[in-house]
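One chain is shown next in structure tokens, namely the form predicted on its own.
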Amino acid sequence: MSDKKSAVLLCTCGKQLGLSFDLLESELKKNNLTTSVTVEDLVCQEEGLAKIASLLAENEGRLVIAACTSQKIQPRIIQYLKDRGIDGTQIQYVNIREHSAWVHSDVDEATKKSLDMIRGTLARSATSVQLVPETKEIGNHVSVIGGGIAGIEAALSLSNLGYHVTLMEISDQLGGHVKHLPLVAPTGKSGVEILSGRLESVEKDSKITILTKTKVKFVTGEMGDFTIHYTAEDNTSELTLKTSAVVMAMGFKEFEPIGMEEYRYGKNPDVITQFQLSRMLTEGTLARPSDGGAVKEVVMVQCVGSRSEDYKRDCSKICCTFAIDNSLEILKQIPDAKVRVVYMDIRVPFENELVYKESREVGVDYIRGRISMVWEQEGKTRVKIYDSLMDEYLEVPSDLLVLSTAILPPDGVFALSETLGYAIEDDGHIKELYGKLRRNETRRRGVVAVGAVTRPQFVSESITDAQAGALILHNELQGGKIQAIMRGAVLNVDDCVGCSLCAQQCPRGVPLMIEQIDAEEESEDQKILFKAAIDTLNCHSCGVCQSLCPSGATQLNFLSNNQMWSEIEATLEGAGADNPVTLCFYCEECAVSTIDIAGTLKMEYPASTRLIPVPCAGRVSIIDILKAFEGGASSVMIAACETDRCHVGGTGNEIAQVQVDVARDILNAIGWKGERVDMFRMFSAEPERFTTAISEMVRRAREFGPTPVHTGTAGKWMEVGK
């Protein structure tokens, strides 16, 4: 362990914390890693902030702050220091309020827990390194794939932010589905009207290059240095385009119900989809496709292929509004037409409810039920409808049978995911990083997804989505000059054994395997032909690569293996057979919010617990878990994000689960009880998940009794019973 010492700053939160600060101060002064111990009443106020600045200056930047949740005070402290040009990258935080004082009524036990966690954080601080700012010059260019409303809006937003943009569209013109919509609720405007101003702006914008009849084949590289490989209709050879980021705005495609025999789609030309009807209405060609006859009777059928176990399981969201818009347009063009809408549920969110009301007032007939049969009779289409409210069958003529079919992801999304690295939902849409907090971001840094490529969206939502996606990229690219604290994974290439685990498992696809052209070894079979390379500015600092690296070549520069292991050892210094401790590693995303809220609500749980923060549950390795038992923990748990809600790309918590499963197998194999280690998933809306989980692990610690480490028999590989 390094002998570098740190100052400790204790906050009493306005003398409101039920802890013995005198005991904390006296015990911490005895610690050989402490230079000084200061007690302040309000660290977050001006006097406390000034004290932080002076302590940093006196202690070469090393400071441990024991106060309330870092989610509250850390941003304030960082901003205060940044405004004064003071480096605060080596500050370590311990939450003694929500994680200790507010959840344990026994002052002595709460103080003891706080002391242990501060001691552990001092050990982490002792080997910390200063994180230095880094600047990276990149091209001031973004490519937008898809020329519909979302792609156009994204291109305009990015241009307004100062970027050069290439807008790539597979068809021969921009506008996507929207240009064919006769009415867009609730605006009262047509799709052409909504697009016209935007199309004019795009075409006149000198910073936007438009490529139509262009198909993207694959993309290589990483944020700041992507290469798009594409083909154009008038050029058979493959072309390339250098770009710093990519916007996926490929829209959607309409489900064609060819296999649904009951509707006669594809066999009866007068059976069409809503989008086909939209084109007829927009182009002024509303007539029976079979013979060009007048349209007087229209039957629309909702949820064709949607909410179906055989096709698309969920609601396609926009179909009801789509049908209502077209119904109003039909009545506008043909006032004496009869329009019937067959539905099981009408779903028209927000202002669209007003459009639904308008359609009923002008005579659209809504029939709750199902289509039971479609057939042709004497050259006319007949439809039999079961009305579930009247409990009777209706037989009606139909000049047009219009199917409101499911909204599906566009072609090409899956193929591009193989090189762009974004994840795909079960329904084929692009998976956003985290639907609640990280919308539009994908697991690949520098790639955002906007519009209907992520889910069915109304036009207004696609526009907002595109604007948000542009801002996300602007925050990442910073106008072509990335300036950031170099916080993330760093790699010692000499220690890399070329296993490629980091490249395979990184949630964001950051590590790259680089061919070692000049590799030389005494024997040919010992050559390592490929080694990893990591761009720290692209890294999201989850630590998954570190937990998997067999040689320790890659480590987080703010939480190395030595830091973690020394923190575990110091935190568990007092653990033993007479003092069973449950050690909890918690991720600093969902889990910390859950634990903090449990603290805010003062939900009590056993004080025989110690907490260690990690950037992601995926940072915890098998060795970390075993080190915890070696240090004297009676049980170990990981508090992680909920399934599919991992903030670093959806896989950090899954990798952590694998680590736990393997650790369990190891414990069982050496005669211990594997149940001493477990992982629990949680989110802030249910803080009782944490209190229940940690209480369960404390119960197991008590039930299983001392470990072989506690009794000095660990080498005998034998579990000690009660």
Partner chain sequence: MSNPVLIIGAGVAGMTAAVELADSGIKTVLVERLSTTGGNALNLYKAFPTDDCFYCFEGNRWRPGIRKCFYRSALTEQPNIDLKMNSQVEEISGLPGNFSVKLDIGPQYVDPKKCTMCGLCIEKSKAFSLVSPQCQPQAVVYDPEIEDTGTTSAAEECPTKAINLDAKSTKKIISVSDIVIATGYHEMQPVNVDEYGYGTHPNIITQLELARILDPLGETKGVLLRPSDGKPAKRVMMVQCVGSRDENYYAYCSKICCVFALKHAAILTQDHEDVEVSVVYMDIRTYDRYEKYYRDTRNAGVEYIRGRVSRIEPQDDGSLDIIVFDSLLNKYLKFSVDIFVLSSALEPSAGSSQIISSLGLKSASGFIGAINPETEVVVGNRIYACGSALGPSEVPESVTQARAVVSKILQSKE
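Quick caveat, the model's predicted, so the values are computed rather than measured. Numbering follows the first chain given and starts at 1.
There is also a form predicted together with the partner chain; it is not shown, and the following applies to it.
Interface residue remark: Q79 is counted as part of the site for the partner chain in the model of the complex, having a heavy atom within 4.5 Å.
Among heavy atoms of K189, some come within 4.5 Å of the partner chain in the model of the complex. When the partner chain is considered in the model of the complex, K317 lines it closely, a heavy atom lying within 4.5 Å. Interface membership of H474, defined by any non-hydrogen atom within 4.5 Å of the partner chain in the model of the complex, is confirmed. With the partner left out here, the partner chain still marks one of 548-556, 158-166, 288-296, 627-635 in the model of the complex; by a 4.5 Å heavy atom cut-off that stretch is 158-166. Interface residue among I170, L394, A468, M486 relative to the partner chain in the model of the complex, by the heavy atom within 4.5 Å criterion: A468. Here is the short version: of D225, D535, E353, E256, the single residue with a heavy atom within 4.5 Å of the partner chain in the model of the complex is E353. Using a 4.5 angstroms heavy atom cutoff to the partner chain in the model of the complex, none of E40, A701 and T711 count as contacting.
Residues of 356-393 lying near the partner chain in the model of the complex, listed in sequence order, are Y356, K357, R368, S388, L389, the criterion being any heavy atom within 4.5 Å.
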